[in-house]
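This document opens with one chain alone, in structure tokens, the form predicted on its own.
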Amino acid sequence: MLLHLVDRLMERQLDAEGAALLAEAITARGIAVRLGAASTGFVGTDKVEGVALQDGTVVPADLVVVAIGVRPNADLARAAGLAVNRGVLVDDGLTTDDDSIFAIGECAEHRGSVYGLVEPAHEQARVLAMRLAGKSAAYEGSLLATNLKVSGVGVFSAGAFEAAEGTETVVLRDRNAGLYRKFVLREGRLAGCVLVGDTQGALFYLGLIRSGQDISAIRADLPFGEHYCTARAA
């Protein structure tokens, strides 16, 4: 059984529909999924026998695997009197509110985001290294992308994939085939996408998001992958 604290799986990487399809696919593989399940502790003396939930129920278990993500350790910065929210607050130069102190990586909070991932830390390090070398550089945030398999189900997401004011959404869905593809466009450019079930073309879509190029000419072909889009462009 899979217990998850919030109301959908991979809430930071998937929208509601994509998460629901993933849950269905996992369930079809014989893994029960229970959402909104807040655990309070383990049951058992010499070995684990179950997981106690906040609603009073106990889920029997012989083995428990816990995944809790990353939490910034900002105690040192807080003790030093630096501005701290979830992480150590930094500006586009990775500078804290003390001009002589910088912060990068999992402890840093930039424009309200604490990434907790390796790639943003590398990008921050490159910017800070340039600044310390006397060059002009600014960190404007990282484009997050996820590309993995969850119990054999392909999942990919990148960019701003939630619909918002001023955006247009293109969706291809086939629940029988376990396929979901969603593309969010802003001003003729791909802002974000979600792929569940078939992640073919993920790097192509990621490239479109990063380039910021106008894709109005291939809008209708987006869900069908790189081959259709490049054929149309040609």
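Keep in mind it's a predicted model, so treat the numbers as computed, not measured. Residue positions are given as counts along the sequence shown, with the first one as 1.
One more form of this protein should be noted, the form predicted together with a small molecule, which is absent from this view; the next part is about it.
Enquirer: In the model of the complex, which of the listed residues (L132, A138, L76, A164) lies with a heavy atom within 4.5 Å of the small molecule?
Expert: Contact with the small molecule in the model of the complex is made by L76 alone.
Enquirer: Work out which of G105, G154, G159, P72 lies within 4.5 Å of the small molecule in the model of the complex, going by heavy atoms.
Expert: It is G105.
Enquirer: Evaluate A83 for contact with the small molecule in the model of the complex, applying a 4.5 angstroms cut-off between non-hydrogen atoms, and reply yes or no.
Expert: Flag for A83 set to no.
Enquirer: So in the model of the complex, does any heavy atom of G93 sit within 4.5 Å of the small molecule?
Expert: Looking in the model of the complex, residue contacts with the small molecule do not include G93, since no heavy atom lies within 4.5 Å.
Enquirer: Is I101 close enough to touch the small molecule in the model of the complex, meaning at least one heavy atom pair within 4.5 Å?
Expert: Outside the cut-off, so no.
Enquirer: Consider L117 of the chain shown here, and say whether it contacts the small molecule in the model of the complex, taking contact as heavy atoms within 4.5 Å.
Expert: Heavy-atom contact with the small molecule at 4.5 Å: present for L117.
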